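Given as structure tokens, the chain that follows is alone and in the form predicted alone.
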Amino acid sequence: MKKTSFGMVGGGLGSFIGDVHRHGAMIDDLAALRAGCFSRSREKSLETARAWDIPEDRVYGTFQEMADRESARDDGIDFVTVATPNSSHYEIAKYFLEKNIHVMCDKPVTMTVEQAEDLKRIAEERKLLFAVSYAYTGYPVIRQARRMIEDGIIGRMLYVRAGHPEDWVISSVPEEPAGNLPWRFDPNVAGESLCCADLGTHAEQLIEQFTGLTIRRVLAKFNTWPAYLPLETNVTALLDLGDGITGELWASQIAIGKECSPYIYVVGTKGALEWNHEKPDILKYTELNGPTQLLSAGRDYMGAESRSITRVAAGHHEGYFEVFGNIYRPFCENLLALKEGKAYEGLSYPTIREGLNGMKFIHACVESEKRGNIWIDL
């Protein structure tokens, strides 16, 4: 089977998200990890390389060295995975794009809207692929919901409610200042938002991938607990989704009892659809004046798109590695087609366009809060 080759910046041993990216990239045997700059420490990078069977001559001290040397090799990497803190995404992604290396980047894709626009411009000018790992959109039933909405099963959409509540801040951060905090709480590294950028953007992308709608305007209210933190830990937003469709979005890091609970509920004139990450293989469908049906991933009644990315038999639960694989798989298939000069006709995946939409959403919510909780256009 033909494979792409890739390298990683960041994401070495001990990194949660780096390990998820690595497994997701390789789960379908469409990518092989060949190079990396896994840490600022060369010793840590070499330790990671030994664990993952990466040759020492393809372990680099800086991402610049990695891009320069890999782009000069006949067998250089096809793409890079950027699995570093937010503040470095733009610089790293831009450098690799300018060396004509395709990019898979963690979210949020940049620190500012302008940076995301610049990456989109470079990728389009150079005809390079740029994917963004909005992982929750990779669940098979999300594809099923989109197909049902496009087929008019629930009629004209009227209202959308989405969210991503977690409790990790309120369960782990002391109420009074006590020592150093992780990088996510530092505006110089995380950007102008904590909760909205970390979790709200997942809910924003769920709306886009589930419904096909994009947010036109937001009116957002931020809360911060503990109060000494420099960035928000709870976001409540009203959404204007166009065509008279209203939405609401809640993202929280202080939601006691919620470990990782993205959800979406869409009401139409003929019915409703609902999904929750706590039961990720189930799509709830309720026809107007009818009973609620539980549609299960992998069953024959699901659509072809949904079935094509279902990895286990119905009734068996798919997980986080698998949905990352469902982002990487079409990205790698697209890249292989591109290398062979063929048109790609496979599944879609989140690209720099969606990454830019995410940055516009974050910035609009921040502006709404700053300006007294008013409507802000995206």
Ligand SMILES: NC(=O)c1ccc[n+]([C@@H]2O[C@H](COP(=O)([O-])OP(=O)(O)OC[C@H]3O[C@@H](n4cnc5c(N)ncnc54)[C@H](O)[C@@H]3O)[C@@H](O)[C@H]2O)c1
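Model, not experiment: these values are computed from the prediction. The first residue of the shown sequence is 1; numbering continues from there.
This protein has a second form, the form predicted together with the named molecule, left out of what is shown; the following refers to that one.
J.: Exactly one residue in Leu119, Ala297, Ala135, Val103 has a non-hydrogen atom within 4.5 Å of the named molecule in the predicted bound form; which is it?
T.: It is Ala135 that has a heavy atom within 4.5 Å of the partner.
J.: Identify, from the list Arg146, Arg161, Lys258, Arg184, the residue with a heavy atom within 4.5 Å of the named molecule in the predicted bound form.
T.: After the contact test, the surviving option is Arg184.
J.: Looking at 235-243, 105-113, 152-160, 284-292, which lies within 4.5 angstroms of the named molecule in the predicted bound form, counting heavy atoms?
T.: Selected stretch: 105-113.
J.: Using the partner position in the predicted bound form, report whether Ala83 sits within 4.5 Å of the named molecule, counting heavy atoms only.
T.: Yes, Ala83 is a contact residue.
J.: How about Gly11: is it within 4.5 Å of the named molecule in the predicted bound form, going by heavy atoms?
T.: Yes.
J.: Using heavy atoms and a 4.5 Å limit, would one call Ala35 a contact residue for the named molecule in the predicted bound form?
T.: No, Ala35 is distant from the partner.
J.: Find out whether any non-hydrogen atom of Lys99 is located within 4.5 angstroms of the named molecule in the predicted bound form, and reply yes or no.
T.: Lys99: no contact with the named molecule in the predicted bound form.
J.: Listed by sequence position, which residues of 333-350 have a non-hydrogen atom within 4.5 angstroms of the named molecule in the predicted bound form?
T.: Heavy-atom contacts to the named molecule in the predicted bound form: nothing from 333-350.
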